[in-house]
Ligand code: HAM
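The chain below stands alone, shown as structure tokens; this is the form predicted on its own.
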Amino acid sequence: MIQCPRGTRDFLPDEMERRRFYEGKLRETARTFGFREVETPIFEDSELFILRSGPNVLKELYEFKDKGDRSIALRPEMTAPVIRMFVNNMSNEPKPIKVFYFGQCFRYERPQSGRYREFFQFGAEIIGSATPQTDAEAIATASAMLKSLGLKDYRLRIGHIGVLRQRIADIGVPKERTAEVLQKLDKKLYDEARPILADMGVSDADMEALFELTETVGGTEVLDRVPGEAGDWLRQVVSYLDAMGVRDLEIDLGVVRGLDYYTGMVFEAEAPALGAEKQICGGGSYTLSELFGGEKVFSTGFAVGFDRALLALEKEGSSYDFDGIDAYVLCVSDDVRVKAAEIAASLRTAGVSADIDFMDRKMAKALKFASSARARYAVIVGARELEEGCVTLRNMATGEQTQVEIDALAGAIVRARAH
């Protein structure tokens, strides 16, 4: 038996219904904030991701040669494709441009709980504006999205990459090696960072002060300890967030994001229910367009790890009420099957979701199947009732049955559904 590839999943009907429901919540929230949806190809030129993340990213890519001998990669994330799309198609449009997206991404890494080789990302970008209000708008959108999913416990951590970049420069780290150090600090790998910094001639005292800075965490009172322009910027971001009702947040100068293109504010959202691998959202302000042949444009964006967010909901004990269908049409005898098909078609035309028994089941088994399909009503079509222009309508929750004229059937189900 052939199985689906390692790190991928099949989504059965119940799971797909649940996923589409929560996708809808995220889309609805994004539109509420004025974002419009875009979509990019699932595969791109490999160079796009190498320019964004460096040649080491090839180890994580599903990369291959196409029939034209071009190097192609399945997208490992969606920010780079969206900015490539902006450079190609939208650079002359009025700014800021607010877009959101949802889609599959692929990374060749070891699968584990909440981490897959094929995963789904929901994100948003505000392109062409670099202000504290823009940063606050992105954070508020992300917060509203997580709230719309029904997550009860999540934490927003906000920092500013400029603080660490400045400190790293001050202690003598060459600019070309800044990203290497930031990647270690991002994962709090201090023991791995020490020999790297020592090799650059950084003193033990400066190392410890740098590590201590990444552990600077607290409420908004921590902002008093953030120096210079970065501190002023974050104070303005927090002021806007407070005005927008986003107050349950943490200032954390250890939020690094590990990517060289971030330029200012960075943030992450965590769901404690997930344990050690608890990050479900991350983003910040950045510039990428100049890497892809465009003019330098400042942007702020974020991405929600959709799979992890759904796993967090499960861990919190959140339940989803499956929708089911409005009506299941079944026949008392074979001689009414054509009429039953006509009735099912008329219900669907009227906007009533309906299925029909194809299996010639006995009444008890047909009703049992209707229940398993979560049908709200069974429409029982019998020859005797048809002579009077009626069918029997059975409420599957209560078992109550009434005779309803066929012409009034759809309206009766619609009215009952409204209540």
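This one's a predicted model, so the numbers in the text were calculated from it and none came from an experiment. The numbering used is simple: start at 1 and walk along the sequence shown.
What comes next is about the form predicted in complex with histidyl-adenosine monophosphate, which is not displayed.
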Quick one: find which of 173 to 181, 344 to 352, 101 to 109, 229 to 237 has residues within 4.5 Å of histidyl-adenosine monophosphate in the model of the complex by heavy atom distance. 101 to 109
Any non-hydrogen atom of D135 within 4.5 angstroms of histidyl-adenosine monophosphate in the model of the complex: no
Contact flag, G283 vs histidyl-adenosine monophosphate in the model of the complex, heavy atom cut 4.5 Å: yes
Closest heavy atom of R167 to histidyl-adenosine monophosphate in the model of the complex, within 4.5 Å or not? no
Can any non-hydrogen atom of Y261 be found within 4.5 angstroms of histidyl-adenosine monophosphate in the model of the complex? yes
Can we say R115, E125 and G301 each have a non-hydrogen atom within 4.5 Å of histidyl-adenosine monophosphate in the model of the complex? yes
So which of E250, E77, D186, E316 gets a non-hydrogen atom within 4.5 Å of histidyl-adenosine monophosphate in the model of the complex? E77
Can you pick the one in T220, Q279, S91, T131 that has a heavy atom within 4.5 Å of histidyl-adenosine monophosphate in the model of the complex? Q279
